[in-house]
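Just one chain is shown here, as structure tokens, and it is the form predicted on its own.
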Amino acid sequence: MSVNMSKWAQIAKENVHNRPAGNGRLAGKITIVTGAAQGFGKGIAEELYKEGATIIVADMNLPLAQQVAQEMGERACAVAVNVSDEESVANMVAETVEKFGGLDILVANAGVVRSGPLAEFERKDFEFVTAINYTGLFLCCKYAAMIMQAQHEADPDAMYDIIAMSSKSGLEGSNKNFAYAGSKFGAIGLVQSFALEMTAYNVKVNAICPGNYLDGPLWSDPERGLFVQYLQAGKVPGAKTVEDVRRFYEAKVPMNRGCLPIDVARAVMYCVEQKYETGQAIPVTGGQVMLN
């Protein structure tokens, strides 16, 4: 590991009260959103920016991330990251501190899906999902923690947030989608465990479990989207077309629509604003999944 994180932790400590200007509920909050060049991540990042946050648009697709950051405005910048690569994650956090002086919120949103029947599923696909959704979450939290712990030492009263994007599939199993569901269940286990440790540093660690963003590229991409994957995997009995699959999933939701980025962004803002919850997995599912 070539990144000297102790250097960046010291810089963050020295700049703990030096935050970018902004207006809104998240004014001045330096925020990394991973997987923010498209889909849920992009929508979440845009909503947080509107509320005054300074946004690091972190994504493997740097040109697209740069475009998104430019469209947001001067309090946003793009950083390339592969969350499954430790040095890449360390660089992402170092670049954030270098540019803005610290880190207040990590939204660990980057995720991938591979689905298919158990007897036919390939190990390489299982390991790919695990590397991004589970190991990648660990790495992002690890390097965010280094900075947040240093900031806590400089200002013991300040509070910070790590927010993992789990899924409704982290709350209940998902037919022929076990690699994804398993990684999202695992994410909640990490969140609960990190929360117990990080409360000593005034870092709240929570998970958000969105329902299906049916209009986003994860679902609607015409070649690799989940509508196509689920149709090919036979996950929806009797489905003949992508539209059949969509209607099947809409019908599962009492509110009769998919989840939208603004729904998730509101949950993120709740996590940040509240002062008395950590280690929670918050469903944002339109009533599709209800906690017992």
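Take the two forms, find the largest set of C-alpha atoms that superpose within 1.5 Å, and that set is the rigid core. All values reported here derive from a predicted model rather than from experimental measurement. Don't overthink the numbering: it's just position in the shown sequence, from 1.
Omitted here: the form predicted in complex with a small molecule. The next part is about that form.
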Query raised in the report: Any chance Gln38, Ile132 and Asn212 all have a heavy atom within 4.5 Å of the small molecule in the predicted bound form?
Result: yes
Query raised in the report: Does the small molecule get within 4.5 angstroms of any non-hydrogen atom of Gly102 in the predicted bound form?
Result: no
Report task. Decide whether Asn82 counts as a contact residue for the small molecule in the predicted bound form under a heavy atom distance cut-off of 4.5 Å. Result -> yes
Query raised in the report: How about Thr96: is it within 4.5 Å of the small molecule in the predicted bound form, going by heavy atoms?
Result: no
Report task. Please run the contact check for Gln70 against the small molecule in the predicted bound form: heavy atoms, 4.5 angstroms, yes or no? Result -> no
Query raised in the report: Using a 4.5 Å cut on heavy atoms, which of Ile188, Ala181, Leu218, Cys141 is close to the small molecule in the predicted bound form?
Result: Leu218
Report summary line: Picking from Ala76, Val203, Ile163, Ala110, the single residue whose non-hydrogen atoms come within 4.5 angstroms of the small molecule in the predicted bound form is Ala110
Query - Partner-proximal stretch of 155-163, 188-196, 102-110, 117-125 relative to the small molecule in the predicted bound form, 4.5 angstroms, heavy atom - result: 102-110
Requested in this report: Using a rigid core alignment, state whether the CA of Leu226 is displaced by 2 Å or more between the shown form and the other one.
Outcome: yes
